[in-house]
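Given as structure tokens, the chain that follows is alone and in the form predicted on its own.
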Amino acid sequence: MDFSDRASIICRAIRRAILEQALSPGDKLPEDTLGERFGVSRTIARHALGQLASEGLVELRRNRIALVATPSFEEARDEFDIRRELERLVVRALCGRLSASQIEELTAHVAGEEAARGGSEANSIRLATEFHVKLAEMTGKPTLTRYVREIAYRSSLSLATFGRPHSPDCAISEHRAVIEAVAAGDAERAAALMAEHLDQVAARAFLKARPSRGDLMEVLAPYADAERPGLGARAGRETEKTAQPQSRRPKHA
């Protein structure tokens, strides 16, 4: 596993922690704490934070201080305006082009959303966002997929800042309606349904106070553990390599 792969693992874990609202806007993300939690160097942690900053999920300040981004209300509204137009492009690109297996995959994902109803709100939020990312990925258009992925994550952060992201019941029925329109090849209906869905997501948001969280090590523990298989073996080898030169160093200078 190379440098980039290990940084990507940290990015995935922090994105998911933000999506599930385990991390809140304004939370500090120290390089040394991240390195310790994920068993990587501060350099790798710094690279991951830079990637997340480019996606608008993290703010980098002086003295290498990184925070979970805190979007303004105006930014949040702008994000949904942009996201609405991007995702209209997504469903238009997919109409009449989805394979049977892709339709089955989308249907299964929405079934997972329904199964999660009544459980953890954070899990429902993550699944709803991933539905939109999955649609974008199915277009096979890398640039469109990247823009949709980044703004979907960013708008989820905005909704976490200003209110409840969505009503699970409404979101599930709206997702199903989009799938049906895309599968039927009705581009105009699919685009209209997607625009209406995202407008409703924004409209259903309401202001609320964010609950207090534990410290960063506790918050990221389950996310780091989930990625541990990809990091553990490599981290152990790096520790051995670091320790060996020290053991051979002469005791006198």
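All values reported here derive from a predicted model rather than from experimental measurement. Numbers follow the displayed sequence, beginning with 1.
The form predicted in complex with the DNA exists for this protein as well; it is not shown, and the discussion that follows is about that form.
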property	result
T70 within 4.5 Å of the DNA in the model of the complex, heavy atoms	no
Partner contact for E31 in the model of the complex: the DNA, 4.5 angstroms, heavy atom	yes
The DNA contact at R204 in the model of the complex, heavy atom, 4.5 Å	no
The DNA contact at I65 in the model of the complex, heavy atom, 4.5 Å	yes
Joint contact, R16, P25 and E55 to the DNA in the model of the complex, by non-hydrogen atom at 4.5 Å	no
Contacts with the DNA in the model of the complex, stretch 29-51 (heavy atom within 4.5 Å)	L29, P30, E31, D32, G39, V40, S41, R42, T43, I44, R46
